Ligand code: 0GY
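Let's start with one chain on its own, the form predicted on its own, as structure tokens.
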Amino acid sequence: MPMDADWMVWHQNPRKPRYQPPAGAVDAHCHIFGPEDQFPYAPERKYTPCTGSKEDLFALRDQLGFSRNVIVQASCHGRNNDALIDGLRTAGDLARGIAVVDDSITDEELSLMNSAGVRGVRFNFVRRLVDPKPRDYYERIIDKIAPLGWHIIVYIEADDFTEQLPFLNSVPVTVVFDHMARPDVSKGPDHADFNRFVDLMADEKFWSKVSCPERLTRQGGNHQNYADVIPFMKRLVDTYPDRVLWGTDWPHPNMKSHMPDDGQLVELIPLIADTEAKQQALLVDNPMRLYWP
């Protein structure tokens, strides 16, 4: 099936970044799409992307000067994690994964995923991408993954954050927020909404990815500095340097305004982590502690 007519294809020639990440750096949020003839997309998906293969991803990793990837199962593949597992097996110890499962998953299936390098599951609460489930559905999954030492990744938008707070506070495992829980950056980094998120992060079970300025910016397409998003990212790095992660979000699903240059995204890292110590924690120490303990 062809990709959506308005789908934006990932940047075909990203520049070699002027900023060189520290040795062992991890791209802690990226995806694999297809190829569809080998790994069909889920019938219930809400978008049909272009192909973003494991070979494309690993070539980008090398181009950007990174050493490892954390590959996150994308909603277009639903609960069929075959493309993810295939990518993990190809990469070996250079990748870890985040799966999407339902509450019928068996211990045997989870054990096989764990052997392949999966270290957590993703809960997607973004209604335009998936149909969220009742709270007890997620609780049953957590009960099954907790014995493996896995954590959960939460994809949520600012408008739904308050509604999910009771559930998030009750979770007995580590919780990692995708893209800072998608704040409304037009309100500024000191607004009560973002303060609520920063305050929540004081609980040491919470981590956050400081990622996707291209997705959060309100300054229009092809803006090269993402100056309206940088203060949000930097505030989290400064406040919780030992519980933040960074990722490209390649191949940038569902972008509508513009397609970022991944090399340029890497060059933003010194703006959000302004010392070598913070960069080392963000790109190496933190992801290694969470995914390669």
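Note that residue numbering follows the sequence shown and begins at 1. These figures come from a predicted structure and were not determined experimentally.
One more form of this protein should be noted, the form predicted together with the ligand, which is absent from this view; the next part is about it.
Heavy atoms within 4.5 Å of the ligand in the predicted complex belong, among the stretches 192-200, 176-184, 107-115, 87-95, to residues of 176-184. By the criterion of a heavy atom within 4.5 Å, residue 58 is excluded from the residues contacting the ligand in the predicted complex. Under a 4.5 angstroms non-hydrogen atom cutoff, the ligand in the predicted complex lacks residue 205 among its neighbouring residues. Heavy atoms of residue 167 never reach within 4.5 Å of the ligand in the predicted complex, leaving it off the interface. When contacts are judged by a 4.5 Å heavy atom cut-off, residue 243 does not count as touching the ligand in the predicted complex. This chain is drawn without the ligand; in the predicted complex, the residue among 152, 145, 74, 83 with a heavy atom within 4.5 Å of it is 74. When the ligand is considered in the predicted complex, only one residue from 253, 40, 231, 263 comes within 4.5 Å through any heavy atom, namely 253. Residues from 264-285 do not approach the ligand in the predicted complex: none has a non-hydrogen atom within 4.5 Å of it.
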